[in-house]
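As structure tokens, one chain now follows by itself in the form predicted on its own.
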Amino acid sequence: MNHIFRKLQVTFPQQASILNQSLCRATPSIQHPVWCTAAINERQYRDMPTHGIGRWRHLLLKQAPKKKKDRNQQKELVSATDTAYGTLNVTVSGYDMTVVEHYSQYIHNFCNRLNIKVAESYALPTKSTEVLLMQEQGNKTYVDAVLKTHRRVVQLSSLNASLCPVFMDVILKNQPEGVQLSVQEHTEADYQTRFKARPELEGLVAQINH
């Protein structure tokens, strides 16, 4: 028994010394954690370029540049058929701009409810009309008032012939006072009326061409 007890006493100090040595070796990293972080954060790729990282557009195929659309290009006209009309212009005109605008919006919304295709809705240039009066004594005239006519166009495409009477009946019953309504087929002349005439510029262009 005494012999065994002595062996145990010898083994315990040996194990304690081994544990102390391992702790001593590990203490520098625990006591000085800055050394470890400095080694981790140290850049190992100083000589390698990094300016191209994250770029991917050079991998895409080159596409042809998009052509700019001509805003003044006329759209193709829809031809009439046996069951439907072609391209129709519903023109609203009047002296009160607010009433004309609201009535054209009403026609546009009504077409949307009836699933009538509206190609486009636009405003025509305002026309100004001068009212001249002649003096009681003399031949001179003077401007008494200037009337401005505002016009709006709702362009319809492929209006069904069976739906046209119902459509016309409803918009005529809701036509406000002082507003004129006309429906006609769209032509190239109607397209040209959308642009304001500039006679001075046209005269200069004519002089340059001659």
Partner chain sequence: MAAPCRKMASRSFSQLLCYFSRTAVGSGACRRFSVTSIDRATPRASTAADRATSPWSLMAAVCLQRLPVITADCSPIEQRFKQMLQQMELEKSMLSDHELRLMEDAERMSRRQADDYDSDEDLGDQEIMMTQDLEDSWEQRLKNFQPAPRVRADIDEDLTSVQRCLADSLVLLAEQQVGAEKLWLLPQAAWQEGETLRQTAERALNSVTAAGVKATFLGNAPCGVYKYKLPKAARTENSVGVKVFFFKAILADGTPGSAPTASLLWLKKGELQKYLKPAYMMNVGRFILNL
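Remember, it's a predicted structure, so these values are computed and weren't measured experimentally. Numbering follows the first chain given and starts at 1.
The same protein also exists as the form predicted in complex with the partner chain; that form is not shown, yet it is the one meant from here on.
Contact check for Leu133: a non-hydrogen atom falls within 4.5 Å of the partner chain in the predicted complex. Looking at Asn174, you'd find a heavy atom of it within 4.5 angstroms of the partner chain in the predicted complex.
Met168 belongs to the set of residues with a heavy atom inside 4.5 Å of the partner chain in the predicted complex. Contact check for Ala80: a heavy atom falls within 4.5 Å of the partner chain in the predicted complex. Looking at 158-188, the residues that come within 4.5 Å of the partner chain in the predicted complex, counting any heavy atom, are Ala161, Ser162, Cys164, Pro165, Met168, Asp169, Val170, Leu172, Lys173, Asn174, Gln175, Pro176, Glu177, Gly178, Val179, Gln180, Leu181, Ser182, Val183, Gln184, Glu185.
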